[in-house]
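Here we start with a single chain on its own, the form predicted alone, put down as structure tokens.
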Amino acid sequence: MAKKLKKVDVVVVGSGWAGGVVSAELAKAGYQVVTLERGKKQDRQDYIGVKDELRYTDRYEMMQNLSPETITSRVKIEDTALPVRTRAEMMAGTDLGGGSVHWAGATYRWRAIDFELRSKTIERYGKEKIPEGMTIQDWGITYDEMEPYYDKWEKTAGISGEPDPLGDKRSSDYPNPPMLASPAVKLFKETTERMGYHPFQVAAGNLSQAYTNPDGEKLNACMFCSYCTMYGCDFTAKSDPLATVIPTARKTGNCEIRTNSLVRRVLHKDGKATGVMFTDTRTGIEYEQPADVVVLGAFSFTNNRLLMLSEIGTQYDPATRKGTIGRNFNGQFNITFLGARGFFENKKFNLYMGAGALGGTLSDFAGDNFDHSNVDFINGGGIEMRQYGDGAISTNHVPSGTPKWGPEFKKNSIHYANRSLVAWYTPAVMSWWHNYVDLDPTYKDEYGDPLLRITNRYTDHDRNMAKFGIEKCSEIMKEMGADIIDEDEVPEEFDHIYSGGHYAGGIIMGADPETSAVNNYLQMWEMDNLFVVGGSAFPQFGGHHPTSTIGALAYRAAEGVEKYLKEGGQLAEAKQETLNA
């Protein structure tokens, strides 16, 4: 029997941007908070000396161990799903701060149309523009309502950037100026501006200058060391929960953070959450943590699986297209981030200097910034050219057709070491009735609980959007002066590689309880005192990176939890909507 602990106001599952923001905000408001993190304790000093490419980039030190628990994957409903067993095939961050510690730092607000995609598409192009089977929907919240939460998160994180010339209205500038542009980034921006586009510097969680955020947390200026993506930052120059919201939560004296605590169930009775059951992964001892409010602020897969294992909500059934838990699985991976790599004979760049979000970008082909009347897809995406900083082991770009070994390979490896740049498209990802998550009937974790099963297949819509993006990136590379351009290939079908960590949906937001699991405060329609925060709430994926939207939603949810603790009940009015799928 689980050992019962003292009841608190709020128990939060997860310590990344989602769980971390909620923990900090509620602790600051004076509530007693317990935050549970499945991974081990990490501090800033743990990342001193981590500039080890073999350990972090190639062996995925900061990613979840998939031996005791993973996902299973299939393409079609009639297929048998099989476990994904290597961290090269599925990346989910672990340890204190979660995946928010190893992120690159690229920061974008999602566009106004992203939050009202279905209604605005119909308004502009007619209902027939939405293909049969596509299950996009409005979020139940508008960009204008989200804007204050974006602003708050950007100030907490100390984002360095300049406004998107084609972006939506902002209430204030980024708190820090953009990072310095390298010669490669300048070439991208000058070229695309000459082409008539509207380039700007990628907004970055890598700080351009020393900064103290509104909570008093101090961050340093980035040193362009190249070790951002897949790494923790020992300079405290990349904003993450370890540098911001976690210390803020701790110093209130109201938040206890327990690591090595794997939450396995949400406990509930008579329609109310009563707490969570977790296992100490070091001792195997089970605990019950009672609370007035439960917040799931973990990774998308974890949020989905916990609700399913806890038998909360109605599981989505693709046969009937009814049910909300597990619906609309989506995300940027595999067929996304495709583009074109250019090789230059007469230009050299210092590519071993960089930062995760150092880059130029444009949004001329994002959202509804261009006319979709003559294209066979909905929404769009950004085009980026990033200078992450090359690594000595894994970075070895040579033109296609070069042998994989031998004298020519060596010659080209040396010649093109500082002569290749890549531009890619970051497309929005639409949701479909056949892409969803549920519990696998066969495979279980080390505790005997079913694994999460992903069913995901591509459509012509996905492939058309990818081809469009590759074409635009190739045009840009040509104008930048590349002598050789290698275009990415569009895969015909999903190959079960979950690259990049941008997996979302399953517990989606909306105004209608028939088609959404949570309201616009991330509060469960079916359980008033249970909030589910993170990428799991995305009904479909926007055409840019997701981190700032997750951070903004976390501030929205924290406000909702506080409101619920004072007033109780549902915080949003349910509305009935009609979908065509």
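Bear in mind that the values here come from a model prediction, so they are computed numbers and not experimental data. Note that residue numbering begins at 1 and tracks the sequence as displayed.
Although not depicted, the form predicted in complex with a small molecule is the subject of the following passage.
Novice: Exactly one residue in N176, S310, Q289, T94 has a non-hydrogen atom within 4.5 Å of the small molecule in the model of the complex; which is it?
Specialist: That would be T94.
Novice: Counting any non-hydrogen atom inside 4.5 Å, which residue from I130, L262, M480, L451 sits next to the small molecule in the model of the complex?
Specialist: Filtering the options by heavy-atom distance leaves L262.
Novice: With a 4.5 Å heavy atom cut-off, would you call S100 a contact of the small molecule in the model of the complex?
Specialist: Because a heavy atom of S100 falls inside 4.5 Å of the small molecule in the model of the complex, the answer is yes.
Novice: Given that the small molecule is not shown alongside this chain, does T302 nevertheless sit within 4.5 Å of it in the model of the complex, heavy atom to heavy atom?
Specialist: Yes, T302 is a contact residue.
Novice: May I ask you to check whether G501 falls inside a 4.5 Å heavy atom distance of the small molecule in the model of the complex?
Specialist: G501 belongs to the contact set for the small molecule.
Novice: Residue-level question: is I550 within 4.5 Å of the small molecule in the model of the complex, judged on heavy atoms?
Specialist: Yes.
Novice: Can you tell me which of 392 to 400, 208 to 216, 162 to 170, 100 to 108 lies within 4.5 Å of the small molecule in the model of the complex, counting heavy atoms only?
Specialist: Flagged stretch: 100 to 108.
Novice: So, S15, A18 and R38: all three within 4.5 Å of the small molecule in the model of the complex by heavy atoms, or not?
Specialist: Each of the three qualifies.
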